[in-house]
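Next up is one chain by itself, shown in structure tokens, the form predicted alone.
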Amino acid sequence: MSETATSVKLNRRTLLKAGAVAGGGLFLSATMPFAARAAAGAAPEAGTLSAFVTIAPDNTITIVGKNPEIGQGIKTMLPMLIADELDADWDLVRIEQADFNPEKYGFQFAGGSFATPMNWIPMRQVGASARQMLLEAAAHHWGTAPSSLRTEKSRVIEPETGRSITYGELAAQAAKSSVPDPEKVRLKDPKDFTIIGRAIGGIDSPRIVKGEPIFGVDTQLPGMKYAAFERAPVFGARLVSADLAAAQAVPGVEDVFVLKGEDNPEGLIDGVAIVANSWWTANKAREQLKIEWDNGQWASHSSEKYDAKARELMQGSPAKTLASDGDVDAAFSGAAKVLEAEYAYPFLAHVAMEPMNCTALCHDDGKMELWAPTQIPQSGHGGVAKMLNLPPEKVIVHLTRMGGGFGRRLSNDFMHQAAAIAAKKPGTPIQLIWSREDDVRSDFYRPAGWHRLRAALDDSGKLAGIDGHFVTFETGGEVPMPASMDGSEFPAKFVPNMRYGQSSIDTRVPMGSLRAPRSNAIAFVLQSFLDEIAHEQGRDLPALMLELLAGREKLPDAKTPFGVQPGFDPARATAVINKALAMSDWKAGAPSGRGKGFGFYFSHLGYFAEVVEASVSAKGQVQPHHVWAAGDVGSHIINPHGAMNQAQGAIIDGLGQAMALAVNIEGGAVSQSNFHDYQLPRITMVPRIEVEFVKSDNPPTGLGEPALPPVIPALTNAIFAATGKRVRSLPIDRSLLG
């Protein structure tokens, strides 16, 4: 596309640039400071995000989706924001996936449910600015005032005369218009939204249904070869020697070679690459490799030993205090009753349906070109450039659609491997594909964790204090974010005497973010323990929660690397709790043989309360029958279709984690290998799921994660209601329930 910039507007937040494209269309780019709380007027942080809109003479509108599409619907949702303020005819909108280009698009990533809060206002400003330019072009064309005109479905209309003109016909003239200040442009009243709030199917869904090749693994290039990469089964092991002859002799194998890496699993680690004329051949040839690994001390590590060490540590004092309010020791010394419980949860794998893959081509001039299904291309691009000692401009990354990720593709080890292999085969495109066994055994796992909790009840039975000791993992003396716990986790600040402490165990098991990181585990622990407290008080968890929240003020906002994050709001929490209770007819109880359980959590700026109705068979088989979920993610649900998919999918994800999923470490390696021993939820265990949204006067926030955490304690609390047996360790052990 050729363009000639004709006008530029710069202020403290936004840079808009308009230009004419070949054939007479309008091209509009927007660059805005990166701020997760832009919608709330927070001061911008460093970095930029961009959007591009092109209006062609034939009235088609092309909007570039800058962020990676992982199945969360962002490729559809962000353009909806632009298109609505533009008053576009959605049927004429075309969406293109952007490549990685930090100069054009700034920070491109998929994760943390940040896309909605980051883009709610900026994307709308882009659409409104383009609309204003079109109005000015029409006013010039007809010799009238812009205020006398209106827009509708990609047309400018003059109500007084009834005449109209398409955006396409105005595009060339609009490209000459002055660019408005996006901070001053008038945004629509929400009552006038025509696209925001509509249930719109995913823009790629028809192509997926037809089996079109749009995923990373579908990449095809002329002369392409396929690669497999054998790495040590034991985490942290280093390659000592390798006999490659037998693998090299397999028919169809073109090359076999050793790659030496670093200790950092995020980059290239030691291994052996096999390049062949088909992936099947490359993968089978791995069986012929004879490799000696130096496992060091890590081969002695196991889940069983971790568990024993954690329980030993929990009996002592925490190594670190995360938070402390009031006089916890006095609360316990004066308590009429003290409750104690220990909770635990395992490592979890991501197992995205599309396994890790990347296609790489090393050009003769040394330039490295990659086709990568990555959630965060910045780190992959920078890591590959550093690994190959290339200037950044010599590394090109094309973003492909991803078949899931759930946080796994925030780590770009597969990009490093593909690039390292391709660098050895200049001029030949190389597609690296992991087997499912690779995917399960070479993940960045949701960390396991252990919690010892105590609650002090006073003479009246009121909750006077909570003391928690959390045991987690560290690597190289540092506890990674997904293995950490925030000292503000509810009910902190809502119990007069509260203390959280932490100890850690050294490991080389790679750890990473999995959908609703930290929250997906800690919600189970804290909401289950609060249910135990409520039961001891002779009431239910919702009653305890509502008492803790009653009359309390919103907590202060907090500064984060992504902008200002709003503090926990008891009023919003109360609203979703009451909504979930009404939806589930909570006071009526459950049918005979079933139990109802409740769970609440504030996660990724979203408030969710959920009720699960479940039964347990005589053999301990758990069956969820019904889930009611109430969520507050702000004032608008931008795409109800995508929102429902995200909420229901998160709930199913959480149920699966609770009922069956665990990664076990034996001999320093993962013992699971595929779906036969890491069983994702089957359709027979999926309950009826009802989701309703509680609208609040707050900017919209993301939905990829917040619906997951509360469903796990809601399920385990339902099991207690049905059987009288507490679930304090995940996954649920059927033998303890039968």
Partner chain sequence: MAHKVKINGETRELDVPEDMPLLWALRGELGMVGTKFGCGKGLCGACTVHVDGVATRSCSLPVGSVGDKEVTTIEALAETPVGRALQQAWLDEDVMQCGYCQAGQLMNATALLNRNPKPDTRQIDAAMSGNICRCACYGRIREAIAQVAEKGTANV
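Bear in mind that the values here come from a model prediction, so they are computed numbers and not experimental data. Positions refer to the first chain, counted from 1.
Keep in mind the form predicted together with the partner chain is missing from the figure; the text below concerns it.
task = Choose from 335-343, 538-546, 650-658, 477-485 the stretch whose residues reach within 4.5 Å of the partner chain in the predicted complex, heavy atoms counted.
result = Single hit among the candidates: 650-658.
Report task. Given the partner chain in the predicted complex, answer whether the residues Ala582, Ser696 and Pro699 all have a heavy atom inside 4.5 Å of it. Result -> Checking in the predicted complex: none of Ala582, Ser696 and Pro699 is within 4.5 Å of the partner chain.
Single option in Lys587, Lys367, Lys320, Arg436 placed near the partner chain in the predicted complex, where near means a heavy atom within 4.5 Å = In short, Arg436.
field: Heavy atom within 4.5 Å of the partner chain in the predicted complex - the one residue of Trp298, Phe193, Trp279, Phe568 that qualifies
entry: None of the others qualify; the residue that does is Trp279.
| message | So, Glu532 and the partner chain: in the predicted complex, are they within 4.5 Å at any heavy atom pair? | response | No - in the predicted complex, heavy atoms of Glu532 and the partner chain never come within 4.5 Å of each other.
Do Val209 and the partner chain come within 4.5 Å of each other in the predicted complex, heavy atoms counted? Val209 belongs to the contact set for the partner chain.
Any chance Gln527 has a heavy atom within 4.5 Å of the partner chain in the predicted complex?
Because no heavy atom of Gln527 falls inside 4.5 Å of the partner chain in the predicted complex, the answer is no.
- Message: I'd like to know if Ala30 sits close to the partner chain in the predicted complex, meaning any non-hydrogen atom pair within 4.5 angstroms.
- Response: Judged by the heavy-atom cut-off of 4.5 Å, Ala30 is well away from the partner chain in the predicted complex.
Next item on the list: Scan 397-413 and note down the residues that get a heavy atom within 4.5 Å of the partner chain in the predicted complex; none is a fine answer too.
Entry: Sequence-ordered list: Arg401, Met402, Gly403, Gly404, Phe406.
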